[in-house]
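There is one chain below, alone, in C-alpha coordinates, taken in the form predicted alone.
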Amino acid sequence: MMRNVLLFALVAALFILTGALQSWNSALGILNMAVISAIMAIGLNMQWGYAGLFNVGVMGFAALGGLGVVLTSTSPVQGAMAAGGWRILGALIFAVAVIVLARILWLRTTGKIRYWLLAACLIVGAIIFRIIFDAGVEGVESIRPTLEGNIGGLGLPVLLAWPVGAILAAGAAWAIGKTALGLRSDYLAIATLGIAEIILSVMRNEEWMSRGVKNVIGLPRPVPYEVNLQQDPDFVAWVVRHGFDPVTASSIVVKLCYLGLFGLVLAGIMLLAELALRSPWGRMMRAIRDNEIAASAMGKDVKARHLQIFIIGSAVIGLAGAMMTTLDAQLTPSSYQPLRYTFLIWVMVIVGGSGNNWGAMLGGFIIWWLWVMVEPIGTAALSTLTDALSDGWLKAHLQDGVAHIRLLTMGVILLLVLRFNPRGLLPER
(Lines give C-alpha, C1' and ligand atoms only; values in the text may rest on other atoms or scores of the structure.)
Protein backbone atom coordinates (compact mmCIF):
# COMPACT_ATOMS: atom_id res chain seq x y z
CA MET A 1 0.00 0.00 0.00
CA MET A 2 2.83 2.40 0.82
CA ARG A 3 4.44 1.67 -2.54
CA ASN A 4 1.18 2.45 -4.34
CA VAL A 5 0.80 5.73 -2.48
CA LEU A 6 4.39 6.72 -3.26
CA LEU A 7 3.97 5.96 -6.97
CA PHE A 8 0.82 8.06 -7.26
CA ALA A 9 2.49 10.81 -5.21
CA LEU A 10 5.39 10.74 -7.69
CA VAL A 11 2.96 11.15 -10.59
CA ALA A 12 1.28 14.09 -8.82
CA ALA A 13 4.70 15.65 -8.25
CA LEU A 14 5.51 15.38 -11.97
CA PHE A 15 2.43 17.39 -12.92
CA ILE A 16 2.97 19.92 -10.13
CA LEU A 17 6.57 20.46 -11.22
CA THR A 18 5.43 20.87 -14.82
CA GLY A 19 3.03 23.59 -13.73
CA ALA A 20 5.55 25.31 -11.49
CA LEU A 21 8.52 25.20 -13.89
CA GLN A 22 6.72 25.48 -17.24
CA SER A 23 3.11 26.70 -17.00
CA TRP A 24 -0.10 25.58 -15.36
CA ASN A 25 -1.81 25.75 -18.73
CA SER A 26 0.58 23.12 -20.07
CA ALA A 27 0.32 20.99 -16.94
CA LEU A 28 -3.48 20.94 -17.04
CA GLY A 29 -3.49 20.22 -20.78
CA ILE A 30 -1.19 17.22 -20.24
CA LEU A 31 -3.26 16.09 -17.25
CA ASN A 32 -6.54 16.15 -19.21
CA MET A 33 -5.08 13.95 -21.94
CA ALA A 34 -3.51 11.72 -19.28
CA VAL A 35 -6.95 11.12 -17.74
CA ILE A 36 -8.37 10.17 -21.16
CA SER A 37 -5.37 7.89 -21.81
CA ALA A 38 -5.89 6.27 -18.40
CA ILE A 39 -9.52 5.49 -19.30
CA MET A 40 -8.36 3.90 -22.58
CA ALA A 41 -5.77 1.87 -20.66
CA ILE A 42 -8.45 0.63 -18.24
CA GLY A 43 -10.62 -0.45 -21.19
CA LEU A 44 -7.71 -2.36 -22.73
CA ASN A 45 -6.81 -3.82 -19.32
CA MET A 46 -10.33 -5.25 -19.07
CA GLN A 47 -9.75 -7.16 -22.29
CA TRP A 48 -6.16 -8.25 -21.73
CA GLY A 49 -5.83 -8.22 -17.94
CA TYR A 50 -9.22 -9.81 -17.20
CA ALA A 51 -9.58 -12.21 -20.13
CA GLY A 52 -6.27 -12.38 -22.01
CA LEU A 53 -7.75 -10.99 -25.26
CA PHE A 54 -5.01 -9.52 -27.48
CA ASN A 55 -6.75 -6.47 -28.99
CA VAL A 56 -4.51 -4.46 -31.35
CA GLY A 57 -7.39 -2.40 -32.76
CA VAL A 58 -7.61 0.22 -30.01
CA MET A 59 -7.37 3.10 -32.50
CA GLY A 60 -10.45 1.87 -34.40
CA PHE A 61 -12.66 1.90 -31.29
CA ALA A 62 -11.31 5.32 -30.24
CA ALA A 63 -12.11 6.67 -33.72
CA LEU A 64 -15.67 5.32 -33.51
CA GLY A 65 -16.06 7.16 -30.22
CA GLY A 66 -15.02 10.38 -31.95
CA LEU A 67 -17.45 9.69 -34.79
CA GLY A 68 -20.23 9.37 -32.22
CA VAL A 69 -19.59 12.98 -31.17
CA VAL A 70 -19.92 14.19 -34.77
CA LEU A 71 -23.11 12.26 -35.46
CA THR A 72 -24.74 13.25 -32.18
CA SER A 73 -23.71 16.78 -31.22
CA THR A 74 -23.14 18.67 -34.50
CA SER A 75 -26.02 20.54 -36.10
CA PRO A 76 -27.80 18.96 -39.10
CA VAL A 77 -26.62 20.31 -42.45
CA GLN A 78 -29.42 22.24 -44.07
CA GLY A 79 -30.76 20.47 -47.15
CA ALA A 80 -28.57 17.36 -46.70
CA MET A 81 -31.44 14.96 -46.03
CA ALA A 82 -33.43 16.21 -49.01
CA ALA A 83 -30.38 16.12 -51.28
CA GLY A 84 -29.51 12.51 -50.53
CA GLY A 85 -29.68 11.78 -46.84
CA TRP A 86 -32.92 9.83 -47.11
CA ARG A 87 -31.42 7.78 -49.94
CA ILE A 88 -28.40 6.94 -47.78
CA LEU A 89 -30.64 5.97 -44.86
CA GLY A 90 -32.80 3.84 -47.13
CA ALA A 91 -29.74 2.15 -48.62
CA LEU A 92 -28.41 1.28 -45.17
CA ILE A 93 -31.77 -0.17 -44.12
CA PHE A 94 -31.88 -2.13 -47.38
CA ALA A 95 -28.37 -3.50 -46.67
CA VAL A 96 -29.49 -4.74 -43.26
CA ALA A 97 -32.53 -6.37 -44.85
CA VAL A 98 -30.31 -8.14 -47.42
CA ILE A 99 -28.07 -9.49 -44.66
CA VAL A 100 -31.09 -10.76 -42.71
CA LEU A 101 -32.51 -12.38 -45.86
CA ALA A 102 -29.14 -14.02 -46.61
CA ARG A 103 -29.07 -15.39 -43.08
CA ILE A 104 -32.60 -16.81 -43.45
CA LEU A 105 -31.75 -18.41 -46.80
CA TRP A 106 -28.64 -20.01 -45.29
CA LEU A 107 -30.64 -21.51 -42.42
CA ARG A 108 -33.73 -22.59 -44.37
CA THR A 109 -32.11 -24.20 -47.42
CA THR A 110 -29.74 -27.11 -47.95
CA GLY A 111 -27.58 -28.57 -50.68
CA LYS A 112 -26.28 -26.69 -53.70
CA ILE A 113 -29.38 -24.51 -53.93
CA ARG A 114 -28.29 -22.86 -50.68
CA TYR A 115 -25.13 -21.45 -52.26
CA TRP A 116 -26.88 -20.33 -55.45
CA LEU A 117 -29.60 -18.52 -53.54
CA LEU A 118 -27.11 -16.95 -51.15
CA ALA A 119 -24.89 -15.74 -54.00
CA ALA A 120 -27.86 -14.35 -55.94
CA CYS A 121 -29.17 -12.56 -52.85
CA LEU A 122 -25.83 -10.93 -52.04
CA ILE A 123 -24.92 -9.98 -55.62
CA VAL A 124 -28.32 -8.49 -56.50
CA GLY A 125 -28.51 -6.80 -53.10
CA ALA A 126 -25.04 -5.26 -53.53
CA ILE A 127 -25.93 -3.88 -56.97
CA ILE A 128 -29.20 -2.33 -55.79
CA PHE A 129 -27.49 -0.98 -52.66
CA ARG A 130 -24.78 0.77 -54.68
CA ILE A 131 -27.33 2.32 -57.03
CA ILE A 132 -29.32 3.82 -54.15
CA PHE A 133 -26.35 4.63 -51.91
CA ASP A 134 -24.07 6.28 -54.50
CA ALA A 135 -26.80 8.64 -55.68
CA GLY A 136 -27.45 9.72 -52.09
CA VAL A 137 -23.76 10.23 -51.33
CA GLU A 138 -23.29 12.35 -54.45
CA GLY A 139 -26.18 14.57 -53.46
CA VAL A 140 -24.98 15.08 -49.86
CA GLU A 141 -21.34 15.72 -50.74
CA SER A 142 -22.35 18.37 -53.28
CA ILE A 143 -23.76 20.65 -50.57
CA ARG A 144 -21.15 23.36 -49.86
CA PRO A 145 -18.29 20.82 -50.05
CA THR A 146 -15.61 23.25 -48.87
CA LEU A 147 -17.46 23.89 -45.61
CA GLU A 148 -19.80 20.95 -45.08
CA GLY A 149 -20.50 18.20 -47.63
CA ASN A 150 -21.84 15.84 -44.94
CA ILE A 151 -25.16 15.09 -43.29
CA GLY A 152 -24.17 16.59 -39.94
CA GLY A 153 -25.53 15.33 -36.62
CA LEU A 154 -28.59 15.43 -34.41
CA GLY A 155 -27.73 18.66 -32.60
CA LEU A 156 -27.96 17.07 -29.14
CA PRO A 157 -25.86 18.11 -26.10
CA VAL A 158 -22.29 16.95 -26.44
CA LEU A 159 -22.33 15.07 -23.14
CA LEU A 160 -24.94 12.73 -24.64
CA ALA A 161 -22.47 12.01 -27.44
CA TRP A 162 -20.05 10.30 -25.05
CA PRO A 163 -22.30 7.28 -24.35
CA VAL A 164 -23.23 7.23 -28.05
CA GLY A 165 -19.53 6.89 -28.88
CA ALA A 166 -19.31 4.03 -26.39
CA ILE A 167 -22.34 2.35 -28.01
CA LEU A 168 -20.82 2.64 -31.50
CA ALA A 169 -17.59 1.05 -30.28
CA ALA A 170 -19.53 -1.67 -28.47
CA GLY A 171 -21.53 -2.44 -31.61
CA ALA A 172 -18.36 -2.77 -33.67
CA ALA A 173 -16.85 -4.96 -30.93
CA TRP A 174 -19.89 -7.24 -31.06
CA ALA A 175 -19.56 -7.64 -34.84
CA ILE A 176 -15.81 -8.27 -34.55
CA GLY A 177 -16.15 -10.60 -31.58
CA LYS A 178 -18.80 -12.80 -33.19
CA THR A 179 -16.34 -13.64 -35.97
CA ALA A 180 -12.86 -13.22 -34.50
CA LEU A 181 -12.96 -14.30 -30.85
CA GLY A 182 -12.72 -17.96 -31.82
CA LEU A 183 -9.26 -17.32 -33.23
CA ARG A 184 -5.98 -17.92 -31.41
CA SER A 185 -4.47 -14.88 -29.69
CA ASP A 186 -2.00 -13.99 -32.45
CA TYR A 187 -4.68 -14.33 -35.15
CA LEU A 188 -7.05 -12.27 -33.02
CA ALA A 189 -4.42 -9.50 -32.92
CA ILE A 190 -4.10 -9.54 -36.71
CA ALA A 191 -7.89 -9.51 -37.12
CA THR A 192 -8.46 -6.59 -34.74
CA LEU A 193 -5.65 -4.56 -36.32
CA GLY A 194 -7.04 -5.17 -39.81
CA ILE A 195 -10.61 -4.31 -38.81
CA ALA A 196 -9.41 -1.12 -37.09
CA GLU A 197 -7.70 -0.09 -40.34
CA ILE A 198 -10.94 -0.81 -42.23
CA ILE A 199 -12.87 1.44 -39.80
CA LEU A 200 -10.37 4.26 -40.29
CA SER A 201 -10.38 3.79 -44.07
CA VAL A 202 -14.18 4.16 -44.10
CA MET A 203 -13.98 7.32 -41.97
CA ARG A 204 -11.32 8.82 -44.25
CA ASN A 205 -13.22 8.13 -47.46
CA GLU A 206 -16.92 8.46 -46.58
CA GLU A 207 -17.08 12.26 -46.63
CA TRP A 208 -20.87 12.29 -46.32
CA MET A 209 -20.46 10.93 -42.79
CA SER A 210 -17.26 12.42 -41.32
CA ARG A 211 -15.96 14.77 -44.07
CA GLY A 212 -13.02 12.39 -44.50
CA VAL A 213 -9.65 14.11 -44.70
CA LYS A 214 -11.35 17.52 -44.69
CA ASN A 215 -11.98 17.01 -40.95
CA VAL A 216 -14.89 18.18 -38.82
CA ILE A 217 -13.97 21.26 -36.81
CA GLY A 218 -15.76 23.50 -34.35
CA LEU A 219 -17.45 20.71 -32.40
CA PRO A 220 -19.58 21.91 -29.48
CA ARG A 221 -18.11 21.91 -26.00
CA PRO A 222 -19.61 21.08 -22.60
CA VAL A 223 -17.62 23.88 -20.92
CA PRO A 224 -17.49 27.67 -21.47
CA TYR A 225 -15.42 29.16 -24.28
CA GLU A 226 -12.37 31.18 -23.32
CA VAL A 227 -13.52 34.20 -25.33
CA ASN A 228 -16.86 34.24 -23.50
CA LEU A 229 -15.09 34.27 -20.15
CA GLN A 230 -12.81 37.06 -21.31
CA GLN A 231 -15.86 39.12 -22.29
CA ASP A 232 -17.59 38.54 -18.93
CA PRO A 233 -17.05 41.68 -16.77
CA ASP A 234 -17.49 39.80 -13.50
CA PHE A 235 -14.91 37.16 -14.45
CA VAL A 236 -12.42 39.78 -15.66
CA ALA A 237 -12.86 41.85 -12.52
CA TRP A 238 -12.36 38.79 -10.33
CA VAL A 239 -9.15 37.61 -12.00
CA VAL A 240 -7.69 41.14 -12.18
CA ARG A 241 -8.45 41.64 -8.50
CA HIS A 242 -6.42 38.51 -7.74
CA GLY A 243 -3.55 39.58 -9.97
CA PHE A 244 -4.09 37.17 -12.92
CA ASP A 245 -4.13 37.78 -16.63
CA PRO A 246 -7.70 37.29 -17.98
CA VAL A 247 -6.52 35.38 -21.07
CA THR A 248 -4.40 32.93 -19.09
CA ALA A 249 -6.99 32.61 -16.34
CA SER A 250 -9.78 31.83 -18.81
CA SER A 251 -7.73 29.05 -20.38
CA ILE A 252 -6.95 27.55 -16.97
CA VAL A 253 -10.60 27.69 -15.90
CA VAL A 254 -11.71 25.89 -19.07
CA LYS A 255 -9.09 23.17 -18.57
CA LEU A 256 -10.18 22.77 -14.93
CA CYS A 257 -13.79 22.35 -16.06
CA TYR A 258 -12.70 19.63 -18.49
CA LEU A 259 -10.63 18.03 -15.74
CA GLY A 260 -13.66 17.92 -13.45
CA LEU A 261 -15.80 16.18 -16.10
CA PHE A 262 -13.05 13.74 -17.08
CA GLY A 263 -12.24 13.04 -13.43
CA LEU A 264 -15.87 12.12 -12.71
CA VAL A 265 -15.92 9.70 -15.64
CA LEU A 266 -12.61 8.14 -14.57
CA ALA A 267 -13.81 7.75 -10.98
CA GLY A 268 -17.06 6.12 -12.12
CA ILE A 269 -15.29 3.68 -14.44
CA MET A 270 -12.75 2.79 -11.75
CA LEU A 271 -15.50 2.15 -9.21
CA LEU A 272 -17.46 -0.10 -11.56
CA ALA A 273 -14.32 -1.89 -12.77
CA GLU A 274 -13.14 -2.63 -9.23
CA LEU A 275 -16.57 -3.84 -8.12
CA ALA A 276 -16.74 -6.11 -11.17
CA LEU A 277 -13.23 -7.44 -10.64
CA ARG A 278 -13.90 -8.35 -7.02
CA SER A 279 -17.26 -9.99 -7.79
CA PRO A 280 -17.87 -13.66 -8.67
CA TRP A 281 -18.01 -12.53 -12.31
CA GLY A 282 -14.50 -11.10 -12.01
CA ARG A 283 -13.16 -14.29 -10.44
CA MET A 284 -14.78 -16.28 -13.25
CA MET A 285 -13.14 -14.07 -15.90
CA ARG A 286 -9.69 -14.56 -14.34
CA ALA A 287 -10.28 -18.30 -14.11
CA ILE A 288 -11.12 -18.38 -17.81
CA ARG A 289 -8.01 -16.31 -18.57
CA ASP A 290 -5.73 -18.64 -16.60
CA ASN A 291 -7.15 -21.93 -17.91
CA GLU A 292 -9.90 -21.94 -20.53
CA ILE A 293 -10.11 -25.73 -20.64
CA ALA A 294 -10.67 -26.08 -16.89
CA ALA A 295 -13.24 -23.26 -16.89
CA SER A 296 -15.09 -24.83 -19.81
CA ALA A 297 -15.11 -28.18 -18.02
CA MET A 298 -16.80 -26.47 -15.05
CA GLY A 299 -19.65 -25.31 -17.31
CA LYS A 300 -18.52 -21.77 -18.16
CA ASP A 301 -19.34 -20.48 -21.64
CA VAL A 302 -15.85 -19.23 -22.52
CA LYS A 303 -16.69 -17.71 -25.89
CA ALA A 304 -19.72 -15.83 -24.54
CA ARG A 305 -17.71 -14.42 -21.64
CA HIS A 306 -14.91 -13.39 -24.01
CA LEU A 307 -17.44 -11.58 -26.19
CA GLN A 308 -18.91 -9.89 -23.13
CA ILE A 309 -15.62 -8.49 -21.85
CA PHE A 310 -14.50 -7.56 -25.37
CA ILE A 311 -17.64 -5.44 -25.79
CA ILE A 312 -17.28 -3.81 -22.36
CA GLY A 313 -13.61 -2.94 -22.84
CA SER A 314 -14.24 -1.56 -26.34
CA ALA A 315 -17.12 0.56 -25.05
CA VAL A 316 -14.79 2.12 -22.45
CA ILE A 317 -12.22 2.85 -25.18
CA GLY A 318 -14.95 4.37 -27.37
CA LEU A 319 -16.07 6.55 -24.46
CA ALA A 320 -12.51 7.81 -24.04
CA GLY A 321 -12.30 8.46 -27.79
CA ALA A 322 -15.46 10.59 -27.62
CA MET A 323 -14.02 12.55 -24.69
CA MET A 324 -10.78 13.17 -26.59
CA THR A 325 -12.62 14.41 -29.69
CA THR A 326 -14.65 16.74 -27.47
CA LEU A 327 -11.46 18.08 -25.87
CA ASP A 328 -9.88 18.69 -29.29
CA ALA A 329 -13.16 20.15 -30.64
CA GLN A 330 -12.48 18.42 -33.97
CA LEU A 331 -12.48 15.00 -35.62
CA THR A 332 -9.38 14.28 -37.70
CA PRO A 333 -9.57 10.73 -39.10
CA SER A 334 -6.03 10.87 -40.51
CA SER A 335 -4.59 11.47 -37.03
CA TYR A 336 -5.53 8.03 -35.71
CA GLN A 337 -2.25 6.13 -35.92
CA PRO A 338 -1.32 2.74 -34.39
CA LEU A 339 1.70 4.26 -32.64
CA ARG A 340 -0.40 6.70 -30.63
CA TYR A 341 -3.67 4.86 -30.15
CA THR A 342 -2.58 1.24 -29.87
CA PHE A 343 1.12 0.86 -29.06
CA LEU A 344 1.16 3.64 -26.47
CA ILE A 345 -1.96 2.34 -24.71
CA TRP A 346 -0.39 -1.13 -24.57
CA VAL A 347 2.76 0.38 -23.03
CA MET A 348 0.58 2.04 -20.37
CA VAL A 349 -1.06 -1.27 -19.44
CA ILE A 350 2.21 -3.24 -19.42
CA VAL A 351 4.16 -0.63 -17.44
CA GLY A 352 1.34 0.00 -14.97
CA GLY A 353 0.52 -3.68 -14.44
CA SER A 354 -1.91 -5.74 -16.49
CA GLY A 355 -4.84 -7.15 -14.54
CA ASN A 356 -4.74 -4.25 -12.09
CA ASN A 357 -7.05 -1.30 -12.81
CA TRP A 358 -5.03 1.00 -10.59
CA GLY A 359 -1.88 -0.04 -12.40
CA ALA A 360 -3.45 0.70 -15.79
CA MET A 361 -4.47 4.15 -14.54
CA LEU A 362 -1.00 4.80 -13.12
CA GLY A 363 0.58 3.71 -16.42
CA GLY A 364 -1.72 6.07 -18.31
CA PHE A 365 -0.58 9.06 -16.25
CA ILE A 366 3.15 8.24 -16.28
CA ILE A 367 3.47 7.23 -19.93
CA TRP A 368 1.46 10.16 -21.25
CA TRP A 369 3.52 12.64 -19.20
CA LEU A 370 6.69 11.08 -20.56
CA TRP A 371 5.31 11.00 -24.12
CA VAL A 372 4.74 14.76 -24.00
CA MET A 373 7.68 15.93 -21.89
CA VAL A 374 10.54 13.68 -23.02
CA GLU A 375 11.01 15.52 -26.31
CA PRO A 376 11.48 19.05 -24.84
CA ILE A 377 13.61 17.66 -22.01
CA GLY A 378 15.70 15.65 -24.48
CA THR A 379 16.03 18.65 -26.77
CA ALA A 380 17.37 20.79 -23.92
CA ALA A 381 19.73 18.04 -22.76
CA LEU A 382 21.13 17.38 -26.23
CA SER A 383 21.48 21.09 -26.88
CA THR A 384 23.55 21.41 -23.71
CA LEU A 385 25.70 18.41 -24.63
CA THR A 386 26.32 19.50 -28.22
CA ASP A 387 27.16 23.13 -27.41
CA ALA A 388 30.71 22.11 -26.54
CA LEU A 389 31.15 20.13 -29.77
CA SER A 390 32.56 21.68 -32.90
CA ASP A 391 30.40 21.75 -36.01
CA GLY A 392 30.57 18.46 -37.84
CA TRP A 393 28.79 15.22 -38.58
CA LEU A 394 28.62 14.11 -34.94
CA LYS A 395 26.94 17.30 -33.75
CA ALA A 396 24.52 17.29 -36.68
CA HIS A 397 23.74 13.61 -36.12
CA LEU A 398 22.95 14.14 -32.44
CA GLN A 399 20.76 17.15 -33.15
CA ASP A 400 18.86 15.30 -35.87
CA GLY A 401 18.19 12.45 -33.45
CA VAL A 402 16.09 14.65 -31.16
CA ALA A 403 12.96 13.82 -33.14
CA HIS A 404 13.37 10.13 -32.29
CA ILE A 405 14.15 10.48 -28.58
CA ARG A 406 10.47 10.05 -27.66
CA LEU A 407 10.28 6.63 -29.33
CA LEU A 408 13.65 5.64 -27.89
CA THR A 409 12.51 6.51 -24.39
CA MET A 410 9.28 4.49 -24.69
CA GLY A 411 11.25 1.47 -25.91
CA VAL A 412 13.82 1.74 -23.11
CA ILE A 413 11.12 2.09 -20.44
CA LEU A 414 9.25 -0.92 -21.79
CA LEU A 415 12.41 -3.04 -21.87
CA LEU A 416 13.42 -2.02 -18.33
CA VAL A 417 9.98 -2.84 -16.92
CA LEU A 418 9.84 -6.19 -18.69
CA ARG A 419 13.35 -7.04 -17.48
CA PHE A 420 13.19 -5.98 -13.84
CA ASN A 421 9.45 -5.91 -13.06
CA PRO A 422 7.59 -7.90 -15.72
CA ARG A 423 4.27 -7.73 -13.87
CA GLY A 424 4.32 -3.91 -13.93
CA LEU A 425 4.66 -1.18 -11.35
CA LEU A 426 1.42 -2.23 -9.63
CA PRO A 427 1.13 -5.97 -10.29
CA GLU A 428 -2.13 -7.86 -10.05
CA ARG A 429 -2.72 -9.47 -6.68
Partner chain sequence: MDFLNAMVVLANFVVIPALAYGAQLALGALGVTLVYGLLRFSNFAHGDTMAFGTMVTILATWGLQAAGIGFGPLPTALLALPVGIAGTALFALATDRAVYRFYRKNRAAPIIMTMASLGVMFVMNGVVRFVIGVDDISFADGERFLVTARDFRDATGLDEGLAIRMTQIITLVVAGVAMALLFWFLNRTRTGKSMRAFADNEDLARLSGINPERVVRLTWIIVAALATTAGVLYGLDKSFKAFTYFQLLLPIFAAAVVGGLGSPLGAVAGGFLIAFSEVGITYAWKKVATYVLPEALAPDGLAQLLSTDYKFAVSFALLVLVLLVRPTGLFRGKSV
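Numbering follows the first chain given and starts at 1. These numbers come from a predicted model, not from an experiment. We call the rigid core whatever largest set of C-alpha positions still superposes within 1.5 Å between the two forms.
Here the subject shifts to the form predicted in complex with the partner chain, a form of this protein not shown in this document.
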| item | value |
| --- | --- |
| In the predicted bound form, the one of 247, 261, 183, 156 near the partner chain [non-hydrogen atom within 4.5 angstroms] | 183 |
| Position in contact with the partner chain when the complex is considered in the predicted bound form, options 277, 350, 266, 137, heavy atoms within 4.5 Å | 350 |
| Residues 191, 397 and 415 all lining the partner chain in the predicted bound form, heavy atom within 4.5 Å | yes |
| Stretch in contact in the predicted bound form with the partner chain, which is absent here, among 312 to 320, 139 to 147, 249 to 257, 339 to 347 (heavy atoms within 4.5 Å) | 339 to 347 |
| Residue 48: touches the partner chain in the predicted bound form, heavy atom cutoff 4.5 angstroms | yes |
| Residue contact check: residue 402 to the partner chain in the predicted bound form, 4.5 Å heavy atom | yes |
| Residue 160 within 4.5 Å of the partner chain in the predicted bound form, heavy atoms | no |
| Heavy atom of residue 14 within 4.5 Å of the partner chain in the predicted bound form | no |
| Residues of 194 to 211 having any heavy atom within 4.5 Å of the partner chain in the predicted bound form, listed in sequence order | 194, 195, 197, 198, 201, 202, 205, 206 |
| Yes/no, residue 379 Cα shift of 2 Å or more between the shown form and the other one with rigid core fixed | no |
| Core fit, then residue 283 C-alpha moves 2 Å or more between the shown form and the other one | no |
| Core-aligned C-alpha movement of residue 217 between the shown form and the other one, 2 Å or more | no |
